[in-house]
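Just the one chain here, laid out as structure tokens, in the form predicted on its own.
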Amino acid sequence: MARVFQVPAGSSRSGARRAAGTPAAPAPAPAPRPGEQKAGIVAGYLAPHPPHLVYAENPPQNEPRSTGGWEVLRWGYEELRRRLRAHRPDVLVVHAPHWITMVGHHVNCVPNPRGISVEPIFPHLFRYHYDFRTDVDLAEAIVEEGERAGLVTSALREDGVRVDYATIGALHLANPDWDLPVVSLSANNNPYYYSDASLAEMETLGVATRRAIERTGRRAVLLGSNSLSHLHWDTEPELPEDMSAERPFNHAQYAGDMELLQTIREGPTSRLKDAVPKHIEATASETKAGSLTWLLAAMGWPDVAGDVLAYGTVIATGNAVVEWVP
């Protein structure tokens, strides 16, 4: 029954729109002059968003206070931050599972999102005050390239809309200084709820994202914010950061994560086209939301191995911090 809801990228309406003709593509950005750094995607990271990691860091923006915890994953993010700076990006582009849109793909085009983001299941851990800048020109270009590719895309321009905790969590953990502009994309979760891992549309969105980045001349770092295995406890210890209670949900979930990570470590990324759906089936993986597929498709499924910077569990879910450099 689930397969009834699997459809090609776009819809019948968008297909008719393509048949009727689409606007000519804008001219690409000029080539860099000698000494200038080349535009494009300079790195991509699997950057999971468990609110516990932000909670454990005790940043001033987050109201709850902790005594630490989940150090190995947090050390992985420390290394991610060091490497991200070395890439000297102009912008961070993030796709996360919890800005859920049921029709199409939305791109945040609000110039200065501000507010408080609350994790609905763990409000005692994550009440985060955010204030950041959006690269509006790039955001609008992603909308245009998505439409040109036949996707249903929309630009969010409503001030005051609360930014989801997954987007905020991934961005904070990757760049707690918040000194780089951001573009955030929604997760179209029709495939997530109604089919068995239909990821083809996320590949189309990834290609559209790359084209927009190259067209606008940006040096971009991409953040795909999925956890891996996603079965989790329904209760937590009295002290949330009590690491004696932290372990994989079961051996099968852990083994599934290790199989996927071994494929990542061996490369090339093209092997993940088959490995990710297999992992989703075995572990209820959050990669079903498409962030990892979007990330690797945007990078052109590069012929490289991923560098696993850390792996650990959070309330039993598997989480890995991984870098790919094209």
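In this text, residue numbers run from 1 along the sequence as written. No experiment lies behind these values; they were computed from the predicted model shown.
The protein also exists as the form predicted together with a small molecule; that form is not presented, and the subsequent description refers to it.
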The small molecule isn't shown here, but in the predicted bound form, which of 45 to 53, 270 to 278, 59 to 67, 253 to 261 has heavy atoms within 4.5 Å of it? 45 to 53
So which of 105, 218, 98, 211 reaches within 4.5 angstroms of the small molecule in the predicted bound form, heavy atom to heavy atom? 98
Quick one: from 135, 201, 145, 119, grab the residue that has a heavy atom within 4.5 Å of the small molecule in the predicted bound form. 119
Does the 4.5 Å heavy atom contact test between residue 308 and the small molecule in the predicted bound form come out positive? no
Would residue 153 sit within 4.5 Å of the small molecule in the predicted bound form, counting heavy atoms only? no
Any non-hydrogen atom of residue 186 within 4.5 angstroms of the small molecule in the predicted bound form: no
Even though the partner isn't displayed, in the predicted bound form is residue 172 close enough to the small molecule, meaning a heavy atom within 4.5 Å? no
At 4.5 angstroms, heavy atoms only, are 286, 314 and 317 all close to the small molecule in the predicted bound form? yes
